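Presented as structure tokens, the chain that follows is alone, the form predicted on its own.
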Amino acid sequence: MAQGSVREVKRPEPPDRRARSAAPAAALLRRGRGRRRAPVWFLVPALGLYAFVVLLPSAQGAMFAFTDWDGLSPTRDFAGLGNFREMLEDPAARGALRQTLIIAVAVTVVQNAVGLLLALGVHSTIKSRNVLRVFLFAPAVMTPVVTAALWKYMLAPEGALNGLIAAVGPDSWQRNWLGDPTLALCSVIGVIVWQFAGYSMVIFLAGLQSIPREVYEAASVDGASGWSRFRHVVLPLLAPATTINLMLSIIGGLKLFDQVWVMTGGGPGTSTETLSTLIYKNAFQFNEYAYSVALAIVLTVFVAIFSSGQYGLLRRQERAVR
């Protein structure tokens, strides 16, 4: 080294910095992905508990559908698909499936139509809108068993509804609303719509309130008003709320049990029998536990097919609107 020259001493880089600088891009990418996936591991305990409490017992219970167990006997024999073949030949099962589908479709259509009308009504600027919202939503927070017992009394031949009809109209308008096989199913559907229309109203109302005021003003400037504005502006923007409401309605209608059991018990005859009430009767009244499990599996498959198909269709419509 020449005299007088200043030797530059290169300071070693910190180990971490050198490691980062030397790490290949692929390793950094993997590290980033690992950090993004880290929150997923926090779900493992909850998923494990859910699998142990729900999924495992459900799988074990589903195995009874392939046996002839009556629910009480200490022994049970393997029956293969015998319960499912019996179901296809059982007129009670076919009738219960028909009533279940009628209730699910009717409740989904009527409840959401009424809920949308109520939401449009209470979305106005009238002073009493908050009171109306509470009043209309109140039935949805009541226990289904309580509302069913209340309406069972009101719809009785000597009940409040016939008394009101007698006070304002001819006696020929009075009906045995729950005892007439031609009216019982419609009466049950009416009670369900009365109770849960307010629930649909709240979801639609949230969707209406999320629409910016500028959208209404722009539609008015373009000349849209009344039905045209509702059809081409409001209704497409309510697509997410519509999806939620339809999903909840169809699933609730397919699984309906409480109101039917309290008001009619599936009768008169089998006019209001649903898959849920038939499952209950076979399990706890007829000692056909294995057959009831087979019915429950069919009901679960129906709920999964209807809800997934409906969700896929509605999601495609939402994306088309966007």
Partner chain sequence: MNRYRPRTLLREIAMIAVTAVMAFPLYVLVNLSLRDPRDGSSIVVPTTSPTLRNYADAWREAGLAGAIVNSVLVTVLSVAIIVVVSAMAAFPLARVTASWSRWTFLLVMLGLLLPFQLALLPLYQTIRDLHLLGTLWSLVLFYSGLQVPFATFLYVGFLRVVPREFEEAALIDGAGPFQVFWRVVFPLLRPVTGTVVILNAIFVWNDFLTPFLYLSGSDQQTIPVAIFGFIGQFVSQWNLVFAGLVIAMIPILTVYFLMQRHIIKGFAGGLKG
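Positions refer to the first chain, counted from 1. This structure is a prediction, so every number in the text was calculated from the model and none was measured. We call the rigid core the largest set of C-alpha positions that still match within 1.5 Å between the two forms.
This next part talks about the form predicted together with the partner chain, which is not shown.
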L313, heavy atom within 4.5 angstroms of the partner chain in the model of the complex: no
Non-hydrogen atom contact W194 with the partner chain in the model of the complex at 4.5 angstroms: yes
4.5 Å heavy atom contact, A138 to the partner chain in the model of the complex: yes
4.5 Å heavy atom contact, W173 to the partner chain in the model of the complex: no
Among 174-182, 91-99, 104-112, 196-204, the region lying within 4.5 Å of the partner chain in the model of the complex by heavy atom distance: 196-204
Option touching the partner chain, based on a heavy atom within 4.5 Å in the model of the complex, out of L81, V146, A218, A166: V146
The unique member of M87, L150, V233, C186 whose heavy atoms fall within 4.5 Å of the partner chain in the model of the complex: L150
Interface residues of 46-80 toward the partner chain, as seen in the model of the complex [heavy atoms, 4.5 Å]: A46, L47, L49, Y50, F52, V53, V54, L55, P57, S58, Q60, G61, A62, F64, W69, G71
Post core alignment: G269 C-alpha displaced by 2 Å or more between the shown form and the other one: no
Is_shifted L55 between the shown form and the other one (CA, 2 Å cut-off, rigid core): no
